[in-house]
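Just one chain is shown here, as structure tokens, and it is the form predicted alone.
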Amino acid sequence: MFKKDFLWGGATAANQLEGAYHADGKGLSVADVMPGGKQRFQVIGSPEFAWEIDEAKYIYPNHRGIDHYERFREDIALFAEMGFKCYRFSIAWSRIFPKGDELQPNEAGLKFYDALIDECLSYGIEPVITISHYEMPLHLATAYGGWKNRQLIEFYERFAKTVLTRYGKKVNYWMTFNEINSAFHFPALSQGMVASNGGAEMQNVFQAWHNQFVASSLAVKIAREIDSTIQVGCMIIYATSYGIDSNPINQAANLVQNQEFNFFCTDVQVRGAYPAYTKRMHKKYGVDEAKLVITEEDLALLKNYPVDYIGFSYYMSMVVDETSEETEGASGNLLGGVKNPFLKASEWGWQIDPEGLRIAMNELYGRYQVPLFIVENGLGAIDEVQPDGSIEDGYRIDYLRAHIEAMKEAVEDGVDLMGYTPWGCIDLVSASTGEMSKRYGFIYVDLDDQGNGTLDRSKKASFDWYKKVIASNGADLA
């Protein structure tokens, strides 16, 4: 059974729900120039993409989000009604430092998060804050080239110090970078790098990672100096990976897949040092180690200030096949691989694998022996509003129930699990497609992909179900 103080809640990101993208001194973020629609990643990944807004050609749903900036009190009240013990959200970097390189923060931005944090605390909801969640200031991407530039360490350190100092006495749980390993496949979101500013070159990706590792350790150091009880975690995508069969070639390929995607970033951030396979990995991807800027001071910082826990997202598993050319491909959370014939998939092709979550938890805890926090998990689906206004999302309940059952099994296995915050606890703009129709929430928001709707909030069937789950500490999943 889960701990008595288990952190049940939900998760969002500032750029996907706040809106108010120009309000109160906020600057543009990289998310603000990402267009809506299923072709979002193709547009961003094209050689021509240059971090510019083209409203004649695209819509930009992140600009409005779901108007959480104005309606956060209403939303937090709904979270409290469900019984949330915690709420994971992010601080929009460009609300605090509009361009990212200023010396002084924007007080209006800080006051917004003062109010948001206090609103959570008024209901006894523990804030869980991601410092950087796919929303770095656009200026840092266009003027500095994104995270491959070491100057960003200084800018992030200033940002982290500002928010940790301001909120550290009220907020106990933090994460430094959202899904830091996502840059392996798509560095635009977490590193601010696309083809036009070096994102296609793995040399830059690995340098950017190093700079982020250093910045993450600096955030841990700052937190320690403010209050030694503050918990700072890393955050990764975890995709349990299987070799398609017992052919040793596929099993060896799966070993490498796990090392490169699931473990590399956590090896550095949790263990405090680069893993033994790093040199081979660099060689594979054409990284010239002599050109990587890594100092002895950096390595000492990584060693002395590792993270306290591992936050991770889990949506799907993947299959590795190195021996066949005829297997069908699969889509997913920045991942590919081939289709698993034993699994069903979501409407967006993400393979649903609750048992894979138990495996993931055992793999992570067995490797690192630090607490785990599942900070994203959920089903993106098209929800239909019935004539009476009800929304029967039994498919979402089934998905979440199966994953919570898998969590229970992992806890029985001995895994130390801190909490669970399903993704998009209220409908918001999808990061991968910029759509509203890809809904995750317990709370429905009346808004379509073209921005039409009242923005009114209403409860889905999963709202009352999750309320019951939390009240019973996971015992009642019926």
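Position 1 is the first residue in the sequence shown; the rest follow in order. This structure is a prediction, so every number in the text was calculated from the model and none was measured.
What comes next is about the form predicted together with 6-O-phosphono-beta-D-glucopyranose, which does not appear here.
Contact check for residue 440: a non-hydrogen atom falls within 4.5 Å of 6-O-phosphono-beta-D-glucopyranose in the predicted bound form. Taking the partner from the other structure, 6-O-phosphono-beta-D-glucopyranose in the predicted bound form has a heavy atom within 4.5 Å of a heavy atom of residue 423. 6-O-phosphono-beta-D-glucopyranose in the predicted bound form comes within 4.5 Å of a heavy atom belonging to residue 350.
Using a 4.5 angstroms limit between non-hydrogen atoms, residue 134 touches 6-O-phosphono-beta-D-glucopyranose in the predicted bound form.
Remark: of stretches 444 to 452, 59 to 67, 427 to 435, 24 to 32, the one touching 6-O-phosphono-beta-D-glucopyranose in the predicted bound form is 427 to 435 (heavy atom within 4.5 Å). Contact annotation: of the candidates 156, 147, 177, 315, the single residue with a non-hydrogen atom within 4.5 angstroms of 6-O-phosphono-beta-D-glucopyranose in the predicted bound form is 315.
Screening 75, 321, 393, 376 for any heavy atom within 4.5 Å of 6-O-phosphono-beta-D-glucopyranose in the predicted bound form leaves a single hit, 376. Within 4.5 angstroms of 6-O-phosphono-beta-D-glucopyranose in the predicted bound form, the stretch 16 to 34 places a non-hydrogen atom from 16 alone.
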